[in-house]
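As a starting point, one isolated chain is supplied in structure tokens, in the form predicted on its own.
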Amino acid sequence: MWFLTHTWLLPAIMALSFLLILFFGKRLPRKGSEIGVTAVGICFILALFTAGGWWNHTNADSSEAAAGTAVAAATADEGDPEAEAAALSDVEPGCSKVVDELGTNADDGNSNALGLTEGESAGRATAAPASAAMASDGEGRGPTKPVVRCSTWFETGVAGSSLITIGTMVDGQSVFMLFVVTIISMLVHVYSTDYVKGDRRYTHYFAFLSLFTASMLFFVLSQSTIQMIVGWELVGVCSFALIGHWWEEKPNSNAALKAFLTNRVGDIGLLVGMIVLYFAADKSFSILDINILASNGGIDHGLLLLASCCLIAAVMSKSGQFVLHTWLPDAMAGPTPVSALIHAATMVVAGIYLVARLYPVFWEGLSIAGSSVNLLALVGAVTAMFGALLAFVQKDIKKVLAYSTVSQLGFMVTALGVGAWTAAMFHLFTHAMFKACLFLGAGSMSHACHHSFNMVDDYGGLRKIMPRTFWTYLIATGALAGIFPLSGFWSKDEILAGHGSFFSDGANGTYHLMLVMLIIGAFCTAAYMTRTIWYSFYGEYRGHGTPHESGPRITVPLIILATLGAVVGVLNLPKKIGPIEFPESLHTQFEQFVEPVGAYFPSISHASFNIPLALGSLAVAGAGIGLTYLYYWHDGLKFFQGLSERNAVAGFGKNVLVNKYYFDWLYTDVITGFVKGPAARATNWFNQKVLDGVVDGAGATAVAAGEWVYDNIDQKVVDGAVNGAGVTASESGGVLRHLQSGRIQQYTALFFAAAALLAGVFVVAIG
């Protein structure tokens, strides 16, 4: 339990590593890389202990249930509100308003264990049948017991708002991501000690690798949505620094800016969506509050739909989904280990993790259950298919892998959109292993071929020269293509079966169109990866110099990742394949470890293993490999040789792909060009002719008014009045001067005259 309550150590250690490398790295023998490797190694060990702790934590519940204790007996009944309430006992007070009220209600003997009003309980009523169905299929499990710890971050000052807290939310989803992030980051650190050796910013590079890892760990452990936003932005800032690592070259700095600015577009959706959820969840940022209320009908469907659509915009930018995917291939400008880290364990999977963490919002908002289309599934399927097509026309092997990532992220988003939550997480897990292996393998080839990534012009014949790189790359390619029994086969098959089409049972909907698009994407994946093998490892070497196999600090991470990419598929074997039934200790272990069950997660069902669909997807992958093999190895398929040059339609199609569907043209030439050209000129004209005219006119009018006032008011009225007063005073003084004669007789006469006049006035007035 100690490891579950102290997971904050992981991001803290990596953040400390960043500071130590930044301030002391250059003074150390290995320029700070020893600090980064040691720190991430410690974090990996802690992640393993945390995974073990979570395993014991979940299995302890089962043991208690078997012992028949009162609480555990309740937890064994999924869908029971009291059982779900008991499962939240490891949530620290103050971390969730709903859970706190739940505890208060329980103390008062309130029968509504979830602390919801009668109206809010309606959602629970609709969810119960699904739970019952799951239980009938033998999928029923006791509610997940998340371990949540938090402390006050700051107060909003908003009346009725809960405190803003910072903390950790530990459950199967976050624990498996801790493992993924730390192992990929650790191998990338080790790999980088050789790959970027002698780099001019070696210390800076390792400092930001540590901060990048810390940011992602901070993000996946988030206990509140505002904490997620902070982690989300930290990941974006680190990727900006690492993509632009060699910022002196303008394409690199442009790529970093493009990644940064494109993600800011999606961030608008993120902020709006989070604000909507904050007010919808009774002014709470707590993830538990949002998920519990969304799952139980405590949030209006319209608000959930609005928040879902806004958050999808954030996912489109962060996870490279159409039409905001254009930054991802350009991000290959950064060092190759950074590409591996971005594409396998950080940055781009943040969007997938966000959807999975707030899944009740999407599940209810998009009405995923029982549907056949929704925005999330459509965006993912379009990305999976059209992203795969783009990989065919690339010469740069890293860009092939980048478009492959775009496509595979589309698979994950589609899986989430069709209700195959576990399949999406499992594919994220397997994809992290084999995609990191592929990127690092590309880096190994580049390391041997004068730092070129142009596989068409500079590679070839590396199979015998670089055997370890070849075999690891081949295994990872097989896993990516979904070849049995490698890991990609199992995770991709789960996604395809989750569409509820092609005779699949147990899915949450029937998404026929998305399945067709994903199968096309699977065919393209197998074909373009086979193409990279041909250009890289077969034929004659076309580059300069003498290539050589990379050293152990590069090849050992490749071997580890290829091994994991081959075998981790067994972690989520189906219950049975045809007549073959797997023992309980072997099947669906990943699902039981990762997928939440209870009040903060919707009741979803799982598609069973579909043999016809699995064989069909395997045949599709085989067709992609076979046709590519015939085309390149045996110069076959003559009809397609030079087709784009003979056929106008084919030529047009190739041009569309070469120009990346003209999205870069649209964004750069049309939108940015319009802003920088006509829009800027129109603004300047408006400024010069209208605004300046108004200002100049106002100034001229003021001057004319001033002159008129000066001539007519100041000179004639004011000065006239002043001068008149002066003249009057002067004239009066002249008259009075005659009275000041100095003769007593005259003064006496005036005195008596005045007295007589005054006496007369009194007489008249009184008499």
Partner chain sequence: MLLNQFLLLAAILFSIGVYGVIVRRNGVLVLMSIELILNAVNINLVAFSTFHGLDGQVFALFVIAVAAAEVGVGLAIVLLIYRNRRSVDIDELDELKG
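Because the structure is predicted, anything quoted here is derived from the model rather than measured. Definition used throughout: the rigid core is the maximal C-alpha set that superposes within 1.5 Å between two forms. Positions refer to the first chain, counted from 1.
Absent from the display: the form predicted together with the partner chain. The rest refers to it.
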Check each of N723, S732, T701, S741 and return the one that places a heavy atom within 4.5 angstroms of the partner chain in the model of the complex. S741
One stretch from 714 to 722, 732 to 740, 41 to 49, 23 to 31 that, in the model of the complex, holds residues within 4.5 Å of the partner chain by heavy atom: 732 to 740
I'd like to know whether L19 contacts the partner chain in the model of the complex, with contact meaning heavy atoms within 4.5 angstroms. no
Please tell me whether any heavy atom belonging to A749 falls inside 4.5 Å of a heavy atom of the partner chain, as the geometry stands in the model of the complex. yes
Once you line up the core, how about H738: does its CA shift reach 2 Å between the shown form and the other one? yes
Please check if F24 moves between the shown form and the other one, taking a CA shift of 2 Å or more relative to the superposed core as movement. no
Rigid-core frame, C-alpha of A12, shift of 2 angstroms or more between the shown form and the other one: no
